[in-house]
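Take a look at this one chain, the form predicted on its own, written out in structure tokens.
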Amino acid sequence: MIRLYHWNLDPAGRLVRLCLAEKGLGFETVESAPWSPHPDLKLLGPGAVAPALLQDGTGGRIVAVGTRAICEFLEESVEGQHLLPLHLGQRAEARRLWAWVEEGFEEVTDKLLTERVMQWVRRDRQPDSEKLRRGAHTLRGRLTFLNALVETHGFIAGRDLTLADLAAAAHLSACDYFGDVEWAAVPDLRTWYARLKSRPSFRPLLADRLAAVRPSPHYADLDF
């Protein structure tokens, strides 16, 4: 049995959900919002935060916290679909770009996505326009870089799907919920994202909804 503690619009949780689905693993989810962590998290280990994965089975109890620990654990323990290349050099490059995506989108999440979400959480507040402006500026730079990568390789780290692609798609999908991704400016990335959206692993993400906040009109559209 696999249990995932996550919040549905958190890019980190979305990456783990994509990884689990690509590996063909069934799992149950437990909601743990950033502003209201699930009380069971503290039982998993000191400082545990979502996303956190708990697996109970014949091999005992395994706890993995954070995208790196969870995705590397799944890559090492599950046979079949590889999300890191078998060639060591390509594997290192996929890890490098996976790290770049997660680190490079920290400011986007902090300034843009968090401001959008907190506006929803606290319905009575107005958004901080300066944070939104800085977050949007950072996002445009990240989009340009990712567009160059997929224009050259087809995927983020080469010719095959890797965790770098899933990480980028997880972050972009969360921003796209609010319509903050300027797809017209990055046509190659838009084509890449359409391919990612069409994968069965993506369907649960496209079904996510926030109460009283509709997603952008093209959010779940595979032909956007």
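Please read all numbers here as calculations on a predicted model, not as lab measurements. Don't overthink the numbering: it's just position in the shown sequence, from 1.
Beyond the structure shown, there is the form predicted together with another copy of the chain, which is absent from this document and is the topic of what follows.
> Considering non-hydrogen atoms and a 4.5 Å limit, does another copy of the chain approach Arg134 in the model of the complex?
Flag for Arg134 set to no.
> Does another copy of the chain get within 4.5 angstroms of any non-hydrogen atom of Arg116 in the model of the complex?
Judged by the heavy-atom cut-off of 4.5 Å, Arg116 is well away from another copy of the chain in the model of the complex.
> Does Leu149 reach another copy of the chain in the model of the complex if we count a contact as any heavy atom within 4.5 Å?
Looking in the model of the complex, residue contacts with another copy of the chain include Leu149, since a heavy atom lies within 4.5 Å.
> How about Gly89 - does it come within 4.5 Å of another copy of the chain in the model of the complex, if we only consider non-hydrogen atoms?
Within the cut-off, so yes.
> Which of 28-36, 66-74, 182-190, 195-203 has heavy atoms within 4.5 Å of another copy of the chain in the model of the complex?
Contact criterion met by 66-74 only.
> Should the three residues Gly47, Ile62 and Ala99 be counted as contacting another copy of the chain in the model of the complex, with contact defined as a heavy atom within 4.5 Å for each?
Answer is yes for this spot.
> Any residue of 102-119 with a heavy atom within 4.5 Å of another copy of the chain in the model of the complex counts; write them all down in order.
Counting only heavy atoms within 4.5 Å of another copy of the chain in the model of the complex, the contacting residues of 102-119 are Glu102, Glu103, Glu106.
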